Structures are given as C-alpha cells and as structure tokens.
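As structure tokens, one chain now follows by itself in the form predicted alone.
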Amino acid sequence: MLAARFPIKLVSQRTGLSPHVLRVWERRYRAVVPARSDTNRRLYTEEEIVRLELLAALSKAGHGIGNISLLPTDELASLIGSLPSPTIAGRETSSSPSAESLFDEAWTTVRNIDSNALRDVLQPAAVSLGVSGLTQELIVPLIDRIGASWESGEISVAEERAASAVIKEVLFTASRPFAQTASAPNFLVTTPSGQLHELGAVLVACNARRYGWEVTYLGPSLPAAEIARAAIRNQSLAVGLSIIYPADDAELPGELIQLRQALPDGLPILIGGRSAHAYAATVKEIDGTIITNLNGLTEMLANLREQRTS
C-alpha cells in the first residue's frame, strides 16, 4: 500500500503554517518538495509534515528559515531538543510529564472512578503531547488497558463507563479544531448491533475528523438497516465499524451481511477493534477491510479520498 499523502489545507492545519508560507518555503527554500496529484495539487507525506512541524517550531524560536531549511530532519529534531521552551506542535520539552507517567496517573483515576481527575490528566496532555501524542501514546494504551481489565473483571462497569465518558469528551474536543472543507467526504462511524463499547469508534471518528473528513458519528450498537439508511442519506464515502466485545456474538455475522446487502454496491466497509479478526471470514464475505491501527486507517482514508478525485 502506498504511503498516505495529505493536501495542503490539512498540512496547514497540522503545522500552523499558512498555505502561502508552505508554498514559499517550498519554492524559495526547498524545505520540502511534495509530490503532485494528477491535477497538480500538492500532496505531503507524514514525514514531510513532521519536518514542517520542526521547521515551524524552530522558526518561531528565532532560527532563520534560510539557515535551517536544508538541514536533515534528525538535525532539526536535535535543535528542537536544545531549545529551552516548549515548541513543536504543542509538544513540550523533556521537563513535561512523559506519556508513561501520564498513563499511570490516568489509570489511577480510572480505578478511583474520579472523572474530574481523569479529565485533569487528559486535557493538558493534548497540549503537552500534541493531538497525535495524546491519541497514540496515551489514550490508545489507556483504552486497551480499560478494555482488557473490564473483560477480566479487574474493573467494574462503573469504572469502565466513567472513564469512557471522559475519554470520549476529550477526544471529540481535541479533534474539533480540525474543521473540514465544504467538499469534504463523509465517513459514517458506529458499532454494529450488540457492540456496546464505543471508544474504538470514537477514536476512528476523531482520527478521520483530524484529517479533514466530515464524520457522521452514530454512537454504539446500531442495527444494519439504520447504519445503511444513514450512510445513504449522508452520501458517505465509507462506513467504519468498531468491534470490541464480544468476539463470539452469533448474531453479528448476520448483521454484517445485512449491512453489505443494504449499502450501495462497492461502498467500503472498514472494520477495526480488538475482536474484528474473530469475524474475519464474514468480513471477507462482505468484501470489507479489517483495519489494525490508526495509521492503517489514515492511509485507507487518504487512498479513498484520492480515488474520489482521480
């Protein structure tokens, strides 16, 4: 699969650099040289976006772009590490709490059923770690721990639900600044009937929103007919489903087959979550795609968007 590439508007949102500045840095300083689409639009890789984030932070700290634009990315990262204050894309220096220490704090609040304390850990982390760091380094491991602990009986339903409510709130708030354009494709996200755990779906919805998609989020446990009706009404470019628990629901294969039959021919069904592979045979039967992580989701969505415009 080809590496995901992103249009200039999303890169501007990620880096804080205006499209004009991005073009100048390319033409005048060769900071990055993005690929071009068939219609001559700039398309940036994730590595190029990270490089631009570093350059933006160093420029803000006083380094002339002409002096640093051609430095290797690892040297730019070293320069960031030598700065005395927080910089890159909301990330702070090593004086900030690490993701590991924040995870320990967050887990303690989950066990104490202390929603306010959990919120006080996660909300500042969106600044200190950045949105990507908050999601990948803190919330994804926390969701995994909560799910496994709930299944094993280590935590109660009350602990799981209290934590889920706060995580959902923080994720949607963090993704709110990434507004989509009027022409953004629609991505419908939910969990199929019987799947009551929604945090995986929330992660998917927020990640898609972050990359400029219009997201229709329907919450958990929706029958196939309702999912299809909403997808058709919203002219969705894809449907995303999260399957977490249980992994042996005898009714779920039938729900997935009904969904495929009710959706327009060829409309992609992307399925993720800890128990998705337990239904791999049915996913194959409905010509769905199992997504194993957020990076894979990002690449798939980028490819679907590119296919729409080609």
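Just so we're on the same page, rigid core means the largest C-alpha set that superposes within 1.5 Å between forms. The first residue of the sequence shown is number 1, and the count goes up from there. Small disclaimer: the values here were computed from a predicted structure and weren't measured.
Keep in mind that the form predicted in complex with another copy of the chain is not shown, yet the notes after this line are about it.
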Quiz item: Any chance 10, 50 and 113 all have a heavy atom within 4.5 Å of another copy of the chain in the predicted bound form?
Solution: yes
Quiz item: Is residue 219 close to another copy of the chain in the predicted bound form, meaning a heavy atom pair under 4.5 Å apart or at it?
Solution: yes
Self-check item: is_contact(residue 269, another copy of the chain) in the predicted bound form, heavy atom dist at most 4.5 Å
Solution: no
Self-check item: Distance check, residue 278 to another copy of the chain in the predicted bound form, heavy atom within 4.5 Å
Solution: no
Quiz item: Do residue 305 and another copy of the chain come within 4.5 Å of each other in the predicted bound form, heavy atoms counted?
Solution: no
Practice problem: Pick the stretch from 24-32, 247-255, 260-268, 39-47 whose residues have a heavy atom within 4.5 Å of another copy of the chain in the predicted bound form. | Solution: 39-47
Exercise. Report the residue, out of 224, 142, 99, 162, that has at least one non-hydrogen atom within 4.5 angstroms of another copy of the chain in the predicted bound form.
Key: 162
Quiz item: Can you name the residues of 229-243 that have a non-hydrogen atom within 4.5 angstroms of another copy of the chain in the predicted bound form?
Solution: 229, 230, 233, 234
Self-check item: After fitting the core, residue 295 CA displacement of 2 Å or more between this form and the one not shown
Solution: no
Quiz item: Do you see a C-alpha shift of 2 Å or more at residue 243 between this form and the one not shown, with the core held fixed?
Solution: no
Practice problem: State yes or no: after fitting on the rigid core, is the Cα displacement of residue 259 between this form and the one not shown at least 2 Å? | Solution: no
Quiz item: Do the C-alpha atoms of residue 13 and residue 170 sit closer or farther apart in the predicted bound form than they do here, given a shift of 3 Å or more?
Solution: closer
Quiz item: By 3 Å or more, the Cα spacing of residue 121 and residue 14 differs in the predicted bound form; is it closer or farther than in this view?
Solution: closer
